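Presented as structure tokens, the chain that follows is alone, the form predicted alone.
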Amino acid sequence: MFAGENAELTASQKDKLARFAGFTDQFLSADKVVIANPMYNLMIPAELKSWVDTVNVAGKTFKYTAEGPVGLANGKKVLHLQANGGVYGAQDPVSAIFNFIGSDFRQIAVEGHAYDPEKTEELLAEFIKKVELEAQAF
């Protein structure tokens, strides 16, 4: 049962909150962040979703205003590399969150290899070229 914001936390709960805050601080202190993941059934892996939740923190990476939420991660360079069997066109949770918090977000995805397996090697080669090009500027 939840006892409200004045409830005393257990040692285990305090430890979990400290680790959560540590991930947030690690993100904020990094010069650049690179995320690489597959897309499974229209969703990112659960482990990545859990980490993203530690980055999307009111008062640290975004704030609420009378005009709506405002990102606070301005200038934080984030490069997202993603493999999608389908074609999603950057319509995924990672893109949404990192654009929401105001980071300098870039995404490169290899998409559609499940639709046309014969083109997998071609799609992968194109993806690698894009990543190499982006790495020079990132």
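Residue indices: 1-based, along the sequence shown. Small disclaimer: the values here were computed from a predicted structure and weren't measured.
The form predicted together with a small molecule is left out here; the points below concern that form.
**Q** According to a 4.5 angstroms non-hydrogen atom cut-off, is residue 51 in contact with the small molecule in the predicted complex?
**A** It does not: once the small molecule is placed as it appears in the predicted complex, residue 51 has no heavy atom within 4.5 Å of it.
**Q** Can residue 77 be called a contact residue for the small molecule in the predicted complex at 4.5 Å between heavy atoms?
**A** It does not: once the small molecule is placed as it appears in the predicted complex, residue 77 has no heavy atom within 4.5 Å of it.
**Q** In the predicted complex, is there a heavy atom of the small molecule that lies within 4.5 Å of any heavy atom of residue 44, even though the partner is absent here?
**A** No, no contact at 4.5 Å.
**Q** Residue 81 near the small molecule in the predicted complex, any heavy atom under 4.5 Å?
**A** Residue-level check for residue 81: no, no contact with the small molecule.
**Q** Okay, which stretch from 97 to 105, 52 to 60, 68 to 76, 34 to 42 lines the small molecule in the predicted complex, with non-hydrogen atoms inside 4.5 Å?
**A** That would be stretch 34 to 42.
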